[in-house]
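To begin, one chain is listed below as structure tokens, in the form predicted alone.
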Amino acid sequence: MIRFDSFSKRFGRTCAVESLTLSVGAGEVVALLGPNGSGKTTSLKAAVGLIHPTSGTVAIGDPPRPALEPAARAVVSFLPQKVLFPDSLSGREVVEFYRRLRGVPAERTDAALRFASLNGASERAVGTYSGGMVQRLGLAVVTLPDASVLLLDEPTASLDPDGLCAFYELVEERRAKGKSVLFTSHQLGDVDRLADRFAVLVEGRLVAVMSQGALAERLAERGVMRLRLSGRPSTLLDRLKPLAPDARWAGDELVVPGPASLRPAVLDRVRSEGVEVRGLTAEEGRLDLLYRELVGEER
């Protein structure tokens, strides 16, 4: 439904995206991550047909059509990173304008406004809205057509809890209907909760693509168990090294990095040293740390 094939985009001497190859299938939600300036917005704009590739192709829909063609744009609903609407129009007038532009039935206006949960503000001028309300109005516009492809650039920016719930509902609904969703985000919680896969861009290059299963495995490998013990036998670390090579002391705690499956054997080895375990905490790997690791490795 969305396919980048060796997509590259240059602005003068600046390479915004270099040889991006990535696809998003029907019923799949993919998150595009990366530092500022990594090419995320450029990639989304190319998929909407707002940017001409310097080289490579971007195709949308089934059957796939070049993103620059009107037929491809007709199956896309796009939320830009910065949402702007005329201050003098009401929320309802904004939604009605886009409804007519997209040629969808009149009843979609009320449905979109209910989804946005503007709490009675739909008749007020947009100029009186908070940033979060404007973002929710943008999501309302996105929901108007039953588009096969959703392209969302930082959709959760400025959203309050009600807006976040509406966004999560939107993505889950479109996934269930077999639609394709590609979104960018700096909120790693959104990625962990919603994405079937996530792709990391660094300085215009794709450095990693992971499924939820692969992500869970990578995070499990980065888990940490911390133990408070009744003593500190001099031989304990040497005995643990075959099981947990990175085990170390940190003050009064024994820190044992590794997956959860390793922990029972580590505890048995500790007890065999005649030491009492007086405290234990365990945590799984964190997505934000893995993300920083991937970005740091590429840089």
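Note that residue numbering follows the sequence shown and begins at 1. All values reported here derive from a predicted model rather than from experimental measurement.
Absent from the display: the form predicted in complex with a small molecule. The rest refers to it.
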Next on the checklist: When the small molecule is placed as it is in the predicted complex, are G39, T42 and Q81 each within 4.5 Å of it, taking any non-hydrogen atom of the residue?
Outcome noted: yes
Item to check | Listed residue (P64, P35, P257, P53) with a non-hydrogen atom within 4.5 angstroms of the small molecule in the predicted complex | outcome: P35
Checklist outcome for this item: Contact with the small molecule in the predicted complex, heavy atom within 4.5 Å, among R114, H186, K177, R100 goes to H186
Next on the checklist: At 4.5 Å between heavy atoms, is L20 in contact with the small molecule in the predicted complex?
Outcome noted: no
Checklist entry - Just to confirm, A16 within 4.5 Å of the small molecule in the predicted complex by heavy atoms? => result yes
Item to check | D190, heavy atom within 4.5 angstroms of the small molecule in the predicted complex | outcome: no
